[in-house]
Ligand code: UDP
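There is one chain below, alone, in structure tokens, taken in the form predicted alone.
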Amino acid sequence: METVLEAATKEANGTVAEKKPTVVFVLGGPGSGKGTQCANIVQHFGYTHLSAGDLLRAEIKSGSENGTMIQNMIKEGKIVPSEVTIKLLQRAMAESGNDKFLIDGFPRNEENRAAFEDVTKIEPAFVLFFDCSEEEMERRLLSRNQGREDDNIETIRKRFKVFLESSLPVIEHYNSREKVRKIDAASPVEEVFESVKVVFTSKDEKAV
């Protein structure tokens, strides 16, 4: 018997693939300002912002069977399988009614990337890469008062290391296909968004 999620995903799969949506992967280290810029892109260009981490957290919160499985994996320090995250992304894409998506914090590694293209049959239009020095990201993370437990210097450095080791191969892969749009994320927020606008406008996006 297939689970409700599997049935919904099958349906979502068909719907999402048929629509041939525009997908933009948003990558950048912790503290590179991805979230802020995604909110700006949503407002100006009508994209739907999907954060892989938020979808996983929401699924855990829902108390579903799938959510419990995800929670147990995270507790045990295991990486949630690509397929699980991809199913959640597909379901959110199908439910959104939109055909333009910013996928934030995914793919985290080469395996995620290959699985996403394989399962969804979708290649991103491009990858928006927020390039920021470790010093600047560290400064930002330490100064933001969100009370996040993971914002201490040791954990921050571990997160940088993981980002570099796992995400750089993804960036290199898309770079070789001329799909990476690199943004200097060290500038003030407004200046960064000016650079972002250039990327989206040159993609023939119409501001909403």
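Please read all numbers here as calculations on a predicted model, not as lab measurements. All residue numbers refer to positions in the sequence shown, first residue = 1. Rigid core here is just the name for the largest C-alpha set that superposes within 1.5 Å across the two forms.
Here the subject shifts to the form predicted in complex with the ligand, a form of this protein not shown in this document.
Out of the listed residues Lys182, Arg177, Arg144, Lys61, Arg144 is the one that sits within 4.5 Å of the ligand in the predicted bound form by at least one heavy atom.
Among the residues Ala94, Ala125, Ile122, Val80, the one placing a heavy atom within 4.5 Å of the ligand in the predicted bound form is Val80. Using a 4.5 angstroms threshold between heavy atoms, His44 stays clear of the ligand in the predicted bound form. In the predicted bound form, no heavy atom of Ala114 sits within 4.5 Å of the ligand. Among residues of the shown chain, Gly53 is one whose heavy atoms approach the ligand to within 4.5 Å in the predicted bound form. Although the partner is absent here, Phe129 lies well away from the ligand in the predicted bound form, with no heavy atom inside 4.5 Å. Taking the ligand as it sits in the predicted bound form, the stretch 100 to 116 comes within 4.5 angstroms of it through a non-hydrogen atom at Gly105, Phe106, Arg108, Asn112. Annotation for Val42: C-alpha shift under 2 angstroms between the shown form and the other one, rigid core superposed. Ile70 shows a C-alpha shift of 2 Å or greater between the shown form and the other one [criterion: core-superposed Cα displacement of 2 Å]. If you fit the rigid core between the shown form and the other one, you'll see the Cα of Ile60 move by 2 angstroms or more.
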